[in-house]
Each structure stands twice: as structure tokens, then as C-alpha cells.
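First, one chain by itself in C-alpha cells, the form predicted on its own.
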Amino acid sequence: MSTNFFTLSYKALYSYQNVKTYLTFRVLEPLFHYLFFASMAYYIMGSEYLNFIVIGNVIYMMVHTLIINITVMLRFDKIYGTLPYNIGSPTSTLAIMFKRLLIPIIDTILTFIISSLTVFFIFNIKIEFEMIFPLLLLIITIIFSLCGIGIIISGLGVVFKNVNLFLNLSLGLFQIFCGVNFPLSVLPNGIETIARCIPFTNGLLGIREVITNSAEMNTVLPYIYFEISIGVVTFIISIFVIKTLEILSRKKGVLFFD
């Protein structure tokens, strides 16, 4: 039963893609994204800033992939008319979404692997064998902390016709406040404190410590613990948001796409 569920989830999210299309969106599109920001950084700040920009955008593209894939879950249900059946089924909407998370998570990990192999080779960023385990833990914690945010944005699609505003706003905030393209230290003190409480920020800081400074496990553990704590909070919030939006959608009768 679980295997069939995951197969159906995959087809629901990627039925429009073949291998060529998938690789185009996971290799060429991210590559142009990295080259754009790397070129801009090179001409403004010089070559010493390249690694900072490249690492930040590789992790950001992974986040971008995860958030979008989670967001479209309920939106596709609404477009194709299956949302009322999910809302009305004995299984809670939240439980259905949790089961569907595996496919976006696998896609996100593949995005990180493909980007790392291509971009780190181009920009000569080396990952030593002893870095793999802390990097893996940091990637997992980033994914965990962001799943709650993705579920919240996806849940907004139950009530609103178009969640692109919330999606693009979230991705823009990640780029500005999570240290993707510039250090958190350039932010005002109050904003920097808030930025450190946003999912993804601490994971990215830890990854930079590992790749740039060859930091050991003891150094990155605080980043991991903080990222997990933020993820727990976002998951708890997502439970209340989904439940509230579910009740609101029943009252307003907005389960169908129009």
C-alpha cells in the first residue's frame, strides 16, 4: 500500500516530466543561476567571495526545490478536483501531506548532489571525506526545518486561489535574511537576531563552517540543534495552520479551483 502511495505521489508531482526535462531543470537551470550570482560576485567583490556565493546558492537551490514541491501538493489537488476527497476522507489532510513528503525530499537531495558535483567542480570547491557526515546531518536538518514552512504555504492553497505570492515572498525572504548572498553580519543587529531564528539560516552557517573552515562535528552541533528546534516549532505551527485552514475552507466552500 505504501509503495503504491509513493508511486502515485511521484506521478502526481512529476507526470509532466521525462528524464530530459527533469535533468534540464535540475542541471542547466541551477547552473545558470549559480553562474549569474558567481559572475556578479566576482566583478563586485573579487574572486575571494566566490566560494561564499556558490555555497550559499547551492543550498538555496535545494531549499527552493523543496519548498516549491511541497507547496504544489494541495494546489494540484485543488486544480484537478481531488482536494475535496482528501479533506473529506477519514485520514487527516496533514497525515496525507506527511506521507507525500518523501518524494519532494528525495528530489531535494538529488538536487543538492547534482549541484555539488557540477558546481563545486567548476569552482574548485573541495569536499573532503571527513566532511561528508556533518554535511549530511546539516542537509537533513535543513530539510526537516523547512518541511513545516512548506506545509504552511501549501495549506494556504486550500483557501486562496493562488499561493504564488506567499511562495515567492518566502523564497525572497530566505535569500535576503538567511545569508545566501551576503554575511548576516551586514544586517542590523535586531534583524540579524531574527534571521538566526529563520529555518535554513543555521544550517547554511554550519555548512559554510564545514566546507570553508573544515569545522569538526563539535563546532557544527549547535547549528544542528538550533535548526532542529526551529523545525519542531514550524511543524507544530503547521499542524494548527492546516487544521484552521481546513475548517475555514469548509465554511467558505473554496475546495474547488475556479
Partner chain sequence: MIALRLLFFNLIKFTDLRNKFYQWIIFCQPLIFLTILYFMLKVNPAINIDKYIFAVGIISAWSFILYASGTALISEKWGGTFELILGSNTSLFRIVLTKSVCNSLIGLLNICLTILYAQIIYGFEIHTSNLILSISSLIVLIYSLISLGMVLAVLCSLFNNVFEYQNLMVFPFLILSGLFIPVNDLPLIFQPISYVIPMTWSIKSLYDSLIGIEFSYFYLLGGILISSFYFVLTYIFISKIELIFRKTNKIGVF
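Numbering follows the first chain given and starts at 1. This one's a predicted model, so the numbers in the text were calculated from it and none came from an experiment.
The same protein also has a form predicted together with the partner chain, omitted here; what follows describes it.
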Does the partner chain come within 4.5 Å of any heavy atom of I132 in the predicted complex? no
In the predicted complex, L187 touching the partner chain (heavy atom, 4.5 Å): yes
Indicate whether the partner chain has at least one heavy atom within 4.5 Å of a heavy atom of H33 in the predicted complex. yes
Is F98 close to the partner chain in the predicted complex, meaning a heavy atom pair under 4.5 Å apart or at it? no
Can you pick out, from N213, N218, T193, S39, the residue that has a heavy atom within 4.5 Å of the partner chain in the predicted complex? S39
Proximity to the partner chain in the predicted complex, single hit among L117, L136, I127, L165 (heavy atom within 4.5 Å): L165
Just one of 138 to 146, 99 to 107, 151 to 159, 168 to 176 has heavy atoms within 4.5 Å of the partner chain in the predicted complex; which? 168 to 176
In the predicted complex, residues of 39 to 57 near the partner chain [heavy atom within 4.5 Å]: S39, M40, A41, Y43, I44, M45, Y49, I53
